[in-house]
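Structure 1 and structure 2 below are two forms of the same protein chain, each written out on its own as structure tokens.
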Structure 1
């Protein structure tokens, strides 16, 4: 056995490095095959990695979690996704002059990985590297609408904290909104995460129509009209999706 695999850390690193750039989900059996570790060991260490948000567990196996991306943001200046996304985010900001976000789903939360705001930006609880629940933000609702049915049931069946008087906490109403998101291709927030904040978001879809990534534009009540920016945000999300797809094909 490789000496590095004799330590718990070495085993954890071996499991994480089993994933390649083309892997979305790996089964327990595939992780055992790739690492050469006993099944019981892989199961135990993978469970610890899930607890620490470095892996996610779903019905098909394990996938890398957003927690790793958060660590990467802290450690690396060269961030391919942000390098590809930033021109689209900057163009969207120039077209709207409102606050622009790029967010990724991590479990039942959205992690904001980029935020561009000018002098007129609205008061918002979001911050780069910060988290918000999926159910009360425009980005979150887009990602929740495109998430696996198991996650949607989990969120709809769990406690929905009322963060403002406008937060949707009725599961049936939220479920209908998610259906509308899939039909319209965009999601809206009306003061659901913070008072006075409006937002519209669109998904960055892969070639199979799936996504863990979305873009939003937000602004204050009284000045911002989310519906006016639907076409602009769709164009930015589609442009980034095409750029990501082209890079995967190279």
Structure 2
């Protein structure tokens, strides 16, 4: 058994982490399945978590609580970043009226720190706090292009799962694109992560020209013209970069 699961804390975290993606409510039985813990144990620990207001009960099972939501928003780096970035994302949305994302790299994935879009935003698998792979999204490709050669090699080597008919699964092709991204300063995505979705992204560079942060604008095939938004997105990215310059977030 995972030694992390021998402690109460480990079990509690395992239960909380069982909530992934779109799950809202998880039954006790489902938690048992996902954690692999004994039923009695999950029942007890989950009840404790409810007592500590990290979980809520409802007739159908357990949910992550509002208390956890509040706690998460106090996370220092993310909070600061969010407060500094929002005005720029705001401006960008206003100029484009398309869905705007702010993403940071964590390992070989993007984590979306913020997503803003209006009533007519395209259906997209991304969500605030969600994750996507690097190789098939505009933000991901920007971040991958600027990442350490080590990581690039690993991702190019690892399996490139086909997510749509347009996903780039040929390492050579992807590598060539990453080169272009570095030259052009922006990355494009054409229905590579989700059907019908186009996207442009630009890096938020630090003073040494490195980054693990990027901004994107995306919209549906048809109405959306990626190249139209290149200037707006560059402006937002450099604006935020200047704001962050010199400020130690970590």
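Numbering follows the first chain given and starts at 1. We call the rigid core the largest set of C-alpha positions that still match within 1.5 Å between the two forms. Source: prediction; values computed, not measured.
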Of these two, which one is the form predicted in complex with the DNA? 2
If the two forms are fitted on the core, does residue 11 show a Cα displacement reaching 2 angstroms between structure 1 and structure 2? yes
Once both forms sit on the same rigid core, is the C-alpha displacement of residue 33 at or above 2 Å between structure 1 and structure 2? yes
I want to check residue 221: does it shift between structure 1 and structure 2 by 2 Å or more at the Cα, with the core superposed? no
